[in-house]
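Starting off, we have a lone chain in the form predicted on its own, written out as structure tokens.
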Amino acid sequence: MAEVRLENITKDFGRVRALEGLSFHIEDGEFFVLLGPTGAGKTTTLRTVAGLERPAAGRVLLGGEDATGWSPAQRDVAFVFQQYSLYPHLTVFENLAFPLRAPGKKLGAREIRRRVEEVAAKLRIESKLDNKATALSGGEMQRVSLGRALVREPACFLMDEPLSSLDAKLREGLRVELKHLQVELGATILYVTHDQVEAMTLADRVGVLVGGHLQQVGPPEEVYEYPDNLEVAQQMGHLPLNLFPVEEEAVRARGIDRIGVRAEHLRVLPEEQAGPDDLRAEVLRVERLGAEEVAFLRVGNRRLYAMGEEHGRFPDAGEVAVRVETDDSLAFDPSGRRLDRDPGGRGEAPPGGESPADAARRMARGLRD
């Protein structure tokens, strides 16, 4: 496996700038996830690393060597696409063996069979080797697609949302298998997705890409809890961030423009238990997801989201009280930069000494009034 490094990559498609000054590195044996919305430049980044796109500026380094001018065949990377891209007229064995029979490989039949059978066993498709690709389920087809990359034993794997076309249960199972395989093989993986759950569960480190700009890189838990800015905060987490606007001039003068509160940091109480700083909200809908519940709430013309792990925590309808009861709220300045300070000392404390949680409670009182 090999280290991957991008240095100041810029890529244009006509008048559209897909990537601008993109720089990050992936350690040898690291699972790096690039997270971002549709159109952020994720697939363009993968194609640039693979050599399928040539950057207008910047360098791609593989294993410490400048690979910017190398052809795709010289880069020793394996690309796993969102769609399976299997040869329907070939068996599973022949699909897996296909990349090993390329002219430059010069592998014997015995070595090809050994690699194919070894990978098929790891992916639990050894009983399907004689089946045609068209006779497989979606999950099996994606396993074959992954296997075709694994048999090559490349320096780096590039994965373009390979699980997005599968149903939720299959995605969950293949996430576990993929992470297990990566650890077992010590594989270097660059994986792109718009799915925050995939980013949180798979990544050793995650990079948040928005509009061709890399916003933040770090361990997924750190990026979730201590986002550098509002765009990162809104990308991390599968529920929207609750935002409280700051309208008081005295608070705005101290640099705080908006307060963000995660859904799991809002507590929903019966209205009769409301305190002086609590919001009064209307329950619009409750989604019960097994051990988890999500409440969709309305305060005036504003929508809020609350999440809890206790079954039956939220009433199905009616008026409730909503309380901000955490010190993990996030304060943002007018540009969207986060102001609150994390345990590592990054960021800036809001002027005036007021914690984001206190500010959020006061914003909630302002919304109620």
Partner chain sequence: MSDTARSIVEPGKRAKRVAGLVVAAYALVTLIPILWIVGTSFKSPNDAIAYPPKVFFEPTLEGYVNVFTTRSRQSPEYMESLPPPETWYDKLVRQRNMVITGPSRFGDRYLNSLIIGFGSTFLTVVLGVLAAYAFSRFRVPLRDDLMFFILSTRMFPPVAVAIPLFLMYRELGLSDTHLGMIILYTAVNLSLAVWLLKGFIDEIPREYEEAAMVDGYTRFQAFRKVVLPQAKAGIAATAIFSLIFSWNEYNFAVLLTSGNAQTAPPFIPLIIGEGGLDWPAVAAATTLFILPVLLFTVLLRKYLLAGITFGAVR
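Residue numbers count along the first chain shown, from 1. Given the structure is predicted, the values throughout are model-derived calculations rather than measurements.
If you look for the form predicted together with its partner chain, you will not find it shown, but the lines that follow are about it.
(message) When the contact criterion is heavy atoms within 4.5 Å, does residue 99 count as touching its partner chain in the model of the complex?
(response) It does: once its partner chain is placed as it appears in the model of the complex, residue 99 has a heavy atom within 4.5 Å of it.
(message) So in the model of the complex, is its partner chain close enough to residue 103 to count as touching (4.5 Å, heavy atoms)?
(response) Residue 103: contacts its partner chain in the model of the complex.
(message) Given that its partner chain is not shown alongside this chain, does residue 191 nevertheless sit within 4.5 Å of it in the model of the complex, heavy atom to heavy atom?
(response) No.
(request) May I ask you to check whether residue 88 falls inside a 4.5 Å heavy atom distance of its partner chain in the model of the complex? (result) Taking the distances in the model of the complex, the answer for residue 88 is yes, it comes within 4.5 Å of its partner chain.
(request) Have a look at 196-204, 72-80, 288-296, 182-190 and name the one stretch with heavy atoms inside 4.5 Å of its partner chain in the model of the complex. (result) Looking at the partner contacts, the answer comes out as 72-80.
(request) Counting non-hydrogen atoms within 4.5 angstroms of its partner chain in the model of the complex, say which of 61, 339, 321, 50 makes the cut. (result) In short, 50.
(request) Just give me the single entry in 157, 226, 244, 84 that has a non-hydrogen atom within 4.5 angstroms of its partner chain in the model of the complex. (result) Among 157, 226, 244, 84, a heavy atom within 4.5 Å of its partner chain in the model of the complex occurs only for 84.
(request) Could you run down 114-150 and flag each residue that has a heavy atom within 4.5 Å of its partner chain in the model of the complex? (result) If the 4.5 Å heavy-atom criterion is applied to its partner chain in the model of the complex, 114-150 yields only 148.
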